[in-house]
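First comes one chain, alone, set out as structure tokens in the form predicted alone.
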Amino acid sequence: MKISTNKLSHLQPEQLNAWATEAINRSKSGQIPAYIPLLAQADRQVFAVQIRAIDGQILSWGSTAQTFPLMSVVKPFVLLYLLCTLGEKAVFDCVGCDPSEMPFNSLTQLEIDQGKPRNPMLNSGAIALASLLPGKNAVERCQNLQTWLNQQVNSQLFVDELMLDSVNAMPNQNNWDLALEMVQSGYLQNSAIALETYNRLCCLSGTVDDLAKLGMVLVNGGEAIAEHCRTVKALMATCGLYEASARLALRVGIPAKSGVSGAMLSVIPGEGAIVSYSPPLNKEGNSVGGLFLLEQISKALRLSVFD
């Protein structure tokens, strides 16, 4: 029998159970964001994780049937789609590729950068990229991305219309300010359609299984998109956890992207993908339980890309 050399395949269910149980306990220190009413109703105790190894092995734990909005975890896939369809120049004419030391929704950072979003993982960057998606309106633009992603790996992403209604019920003034700043600087033409598209993209929803399948596109995307996948993974490593990115690169060393729903996607080149869902967040907006679990797995299996 061939013995797998894939590190992720060596993770035992008993180990995962112990870490996930402790992650739920650690998540008690986190907060549920209140600015989206329906998101504020999330169950603090729910926890789901799926680990997919490049050799095909899958290990899951917890509430794996639970669906959740991707929120900012959609940003790497918006970036990948646009790199594949428009190319690098069109994308990086619109957004930068440098880390930010300020929060994900910082208007100050955008003003310092004279209206050009510092990177695609910030709200400003994702709003700007939403304006590049093909389609005559927000529904069509989101549908184009949704269809493309689902076709890649047979995932079942869908727009959670109730979550979208909740997002729209309390308009995010901060995001409007970001959009207006980008209009003034010339990096955005139509702020209304860009914001509507962005909100809809953030409400693309699925399970840990759906997100893990998509993560594997970044891990072992074919030769045609390999360079674009490398770009996305690099930006996840340097910018995906906002102002905590550098600190987590040191402690964990795995490209990751978080969302305010509590979703977290981590991709390990040559190894596989780790997806978790745990709603309570720390002060930077990252899942407390998800970060704890990721750090334990990374250290135990020596998964850091810097090892």
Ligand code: GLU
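We number the residues from 1 along the sequence you see. It should be emphasised that the depicted structure is a prediction, and the values quoted were computed from it without experimental measurement.
Keep in mind that the form predicted in complex with ligand GLU is not shown, yet the notes after this line are about it.
Among 71, 145, 157, 194, the residue placing a heavy atom within 4.5 Å of ligand GLU in the predicted complex is 71. The listed set 172, 231, 131, 109 contains one residue whose heavy atoms approach ligand GLU in the predicted complex to within 4.5 Å, identified as 172. Ligand GLU in the predicted complex is not approached by residue 47, whose heavy atoms all lie more than 4.5 angstroms from it. In the predicted complex, residue 202 approaches ligand GLU with a heavy atom inside 4.5 Å. Although the partner is absent from this view, residue 119 stays clear of ligand GLU in the predicted complex, with no non-hydrogen atom inside 4.5 angstroms.
Mapping the unseen interface onto this chain, residue 254 falls outside it, with no heavy atom inside 4.5 Å of ligand GLU in the predicted complex. For the candidate spot formed by 104, 198 and 260, every residue has a non-hydrogen atom within 4.5 angstroms of ligand GLU in the predicted complex. Of the candidate stretches 172-180, 221-229, 136-144, 82-90, only 172-180 contains residues with a heavy atom within 4.5 Å of ligand GLU in the predicted complex. Heavy atoms closer than or equal to 4.5 Å to ligand GLU in the predicted complex belong, across 108-126, to one residue only: 123.
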